[in-house]
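This document opens with one chain alone, in structure tokens, the form predicted alone.
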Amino acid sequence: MDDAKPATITVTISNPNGLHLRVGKEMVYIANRFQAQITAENLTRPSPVVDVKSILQIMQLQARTGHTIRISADGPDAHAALDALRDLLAPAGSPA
């Protein structure tokens, strides 16, 4: 099974506090469980493309409620990593 193709998802931040430190820390924890290289960028406002395995870089996104972020992963477990991050950021029943 070849799961090594790059993959991308977009997620709208629905948390009333935006992408705050606690959520960012959980993103780092999840991302570090996977071998894939995982990056993110804020599509709503200008932001750098950041490494999701670094809390300092995630905070550079400055993603607020309603902002849309794109998360990309490249590696053998890219799709599984994106599924786990989607579950964190867009829980069931909320728009992704």
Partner chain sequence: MIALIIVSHCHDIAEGVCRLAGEMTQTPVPIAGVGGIVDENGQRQIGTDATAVLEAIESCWRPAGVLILVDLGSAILSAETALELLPDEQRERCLISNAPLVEGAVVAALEASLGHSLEDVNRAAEAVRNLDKVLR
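Keep in mind the model is a prediction, meaning the values are calculated, not measured. Residue numbers count along the first chain shown, from 1.
Form predicted together with the partner chain: not shown, discussed below.
Non-hydrogen atom contact residue 62 with the partner chain in the model of the complex at 4.5 angstroms: Taking the distances in the model of the complex, the answer for residue 62 is yes, it comes within 4.5 Å of the partner chain.
is_contact(residue 67, the partner chain) in the model of the complex, heavy atom dist at most 4.5 Å: Although the partner chain is absent here, residue 67 would stay clear of it in the model of the complex, with no heavy atoms inside 4.5 Å.
4.5 Å heavy atom contact, residue 32 to the partner chain in the model of the complex: Close contact exists here: in the model of the complex, residue 32 approaches the partner chain to within 4.5 Å, heavy atoms only.
4.5 Å heavy atom contact, residue 49 and the partner chain in the model of the complex: No.
Every residue of 22, 28 and 56 near the partner chain in the model of the complex, heavy atom within 4.5 Å: Contact check passed for all of 22, 28 and 56.
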